[in-house]
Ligand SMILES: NC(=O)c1ccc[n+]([C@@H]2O[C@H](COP(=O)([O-])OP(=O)(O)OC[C@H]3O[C@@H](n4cnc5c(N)ncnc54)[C@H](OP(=O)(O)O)[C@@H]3O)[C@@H](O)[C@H]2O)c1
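Consider the single chain below, provided in structure tokens and representing the form predicted alone.
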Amino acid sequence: MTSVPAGATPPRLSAIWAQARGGVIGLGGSMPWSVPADLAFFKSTTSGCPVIMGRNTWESFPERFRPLPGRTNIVVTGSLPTAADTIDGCAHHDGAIWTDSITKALSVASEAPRSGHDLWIIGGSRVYEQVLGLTNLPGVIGGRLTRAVVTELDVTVPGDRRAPELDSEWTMTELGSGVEVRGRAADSDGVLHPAHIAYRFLEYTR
């Protein structure tokens, strides 16, 4: 991973998620669908940049994929898994950096190696909502979240977590679209079944 030179433009704070109809983003701690094209898009979009997430999102990844490779993984939680380091105030556990606040997570992310311009918020729903409402955040362009990259899935699935609503302040641009022929979607019991799922990659900026 190539570090951005010191003194370069401050990073942009961005969020990324996938949502089905009705804004559903999760069910029982996992995604109620499987869309390989979206997973590939997520990987290519966030690779080389720090990713910030809540503990439930971290635990939703299979252990073999934790930490997400090629990215500094930062987990925000009210209960650190080990004692915090006396120097940086963070816990270092299972290949991730654990903090107890969004502000501290951003500070860590700003100093982490990155090959692009973004620090990524990757979930879950409470973290998205919290970050969307924050202003005057240190070290990021505009002092707030200014970009959201959303995969919109044209499928109805059950869910208990929903994406934040983006108001008229945001401008949308379509980045691409397609149909996932290898997709799977959850039924009312949460069981995945084969499905062709149309998708759009959207970028929102403010």
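Residue numbers run from 1 along the displayed sequence. On a predicted model such as this, the values are computed, not experimentally measured, just so you know.
Omitted here: the form predicted together with the ligand. The next part is about that form.
Student: Quick one: which of 135 to 143, 174 to 182, 62 to 70, 47 to 55 gets within 4.5 Å of the ligand in the model of the complex, going by heavy atoms?
Tutor: Of the options given, it is 47 to 55.
Student: Is residue 107 one of the residues lying within 4.5 Å of the ligand in the model of the complex, judged by heavy atom distances?
Tutor: So residue 107 does not count as contacting the ligand.
Student: Is residue 100 a contact residue for the ligand in the model of the complex, using a 4.5 Å heavy atom cut-off?
Tutor: Residue 100 belongs to the contact set for the ligand.
Student: Even though the partner isn't displayed, in the model of the complex is residue 29 close enough to the ligand, meaning a heavy atom within 4.5 Å?
Tutor: Flag for residue 29 set to yes.
Student: With the partner left out here, check for me: in the model of the complex, does some heavy atom of residue 126 sit within 4.5 Å of the ligand?
Tutor: Contact check for residue 126: yes, within 4.5 Å of the ligand in the model of the complex.
Student: For the stretch 58 to 88, return the residues whose heavy atoms include at least one within 4.5 Å of the ligand in the model of the complex, in the order they occur.
Tutor: Counting only heavy atoms within 4.5 Å of the ligand in the model of the complex, the contacting residues of 58 to 88 are 60, 76, 77, 78, 79.
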